[in-house]
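In the block that follows, a single chain appears as structure tokens, in the form predicted on its own.
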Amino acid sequence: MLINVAETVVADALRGMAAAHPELTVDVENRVIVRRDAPFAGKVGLVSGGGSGHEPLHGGFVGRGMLAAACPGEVFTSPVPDQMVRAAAAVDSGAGVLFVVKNYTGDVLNFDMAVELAEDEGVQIAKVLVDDDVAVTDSLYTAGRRGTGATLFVEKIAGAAAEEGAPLERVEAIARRVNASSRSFGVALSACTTPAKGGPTFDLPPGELELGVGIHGEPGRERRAMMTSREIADFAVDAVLEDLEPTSPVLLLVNGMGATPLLELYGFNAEVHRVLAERRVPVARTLVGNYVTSLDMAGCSVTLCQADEELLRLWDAPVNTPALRWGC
């Protein structure tokens, strides 16, 4: 592994991020990443966060048209409430702050506590929970569905609304609509390796894959012998469509889990488009790449978001972050 020691891997990464992105203020000690030009008078600030190891989520999405701040926890571990309160204070302009929270027990509990603490300090807070994973209802980390790829859609679209000056209630409503319109399904071809353990976090024998895996390596629906890209696309897309049943064009995220090269992801994207065409689901926009990852896991996930004209307009709005950038 390309690290010094496991104990400093997050701090080392944050120092490197600060060196690469002077447009961000990176507080290494307190683990908060903030737009250097925040706060903005009259604009809602979006704050998200979660365990490290899912990069570029969330720190890579801090910037114009997306997040105002992000709170990285230790690897696969929720950030603590103090981080979230600092982030909220740093980006609050008086228009309020929206917390975007993936549905994992630690994240939910700590963000809930942060809401109370921030409100005690006079910051108006709203919160949206992302729970888009159709693979399982409950898991080792959650009560209810896990939050995965739709987090990117929520942060981008709600971030665009905030950039336009929409009030907190409107930004929150848009974020909730995006989450309600999104579903995801993930597949692991190999296990991931955490810095602390130095080895695979779960046992996935050679020649097998995990259908419905979570972004921490949580078990999915079933294990099978290795499948082709075509077969995986059929299974994953059908799992999403069984739940979503879109009636309008969709946003499509074909996401890598961290160790899958773009050559394979683009090939998989072709198969996903084939399945969607066969199912008569029009695709309005497609994003392909490693965005919501699981360290060095090989695999992929498919996220669909049913999008109306407003959501498409907000998706297309300019964004300028380390990991997502267009229209600027």
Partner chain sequence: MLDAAFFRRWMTATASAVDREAARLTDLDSAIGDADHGANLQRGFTAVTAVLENEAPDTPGAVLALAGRQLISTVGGASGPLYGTLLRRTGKALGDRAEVSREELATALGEGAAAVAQLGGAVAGDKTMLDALLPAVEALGESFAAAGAAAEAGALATVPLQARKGRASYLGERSIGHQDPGATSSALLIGALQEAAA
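The structure displayed is predicted, hence computed values, not measured ones. Positions refer to the first chain, counted from 1.
Unshown form predicted together with the partner chain; subsequent notes refer to it.
Practice problem: Just one of 102-110, 172-180, 234-242, 254-262 has residues with a heavy atom within 4.5 Å of the partner chain in the predicted complex, so point it out. | Solution: Contact-bearing stretch, as computed: 102-110.
Exercise. Note which of Met227, Ala143, Ala126, Ala89 lies within 4.5 Å of the partner chain in the predicted complex, where distance is taken over heavy atoms; exactly one does.
Key: For this set of options, the contacting one is Ala143.
Quiz item: Which residue among Glu208, Glu164, Glu119, Asp82 has a heavy atom within 4.5 angstroms of the partner chain in the predicted complex?
Solution: Exactly one residue meets the criterion: Asp82.
Practice problem: With heavy atoms only and a cut-off of 4.5 Å, decide whether Ser78 touches the partner chain in the predicted complex. | Solution: Because a heavy atom of Ser78 falls inside 4.5 Å of the partner chain in the predicted complex, the answer is yes.
Exercise. Considering only heavy atoms, tell me if Thr201 and the partner chain come within 4.5 Å of each other in the predicted complex.
Key: Result yes; Thr201 sits at the interface with the partner chain in the predicted complex.
Quiz item: Is there a heavy atom of Pro249 no more than 4.5 Å from a heavy atom of the partner chain in the predicted complex?
Solution: So Pro249 does not count as contacting the partner chain.
Quiz item: Hey, in the predicted complex, is Gly96 touching the partner chain, heavy atoms inside 4.5 Å?
Solution: No, Gly96 sits far enough from the partner chain in the predicted complex that none of its heavy atoms falls within 4.5 Å.
Self-check item: Contacts with the partner chain in the predicted complex, stretch 198-221 (heavy atom within 4.5 Å)
Solution: Thr201, Glu210, His216, Glu218, Pro219, Gly220, Arg221, in sequence order.
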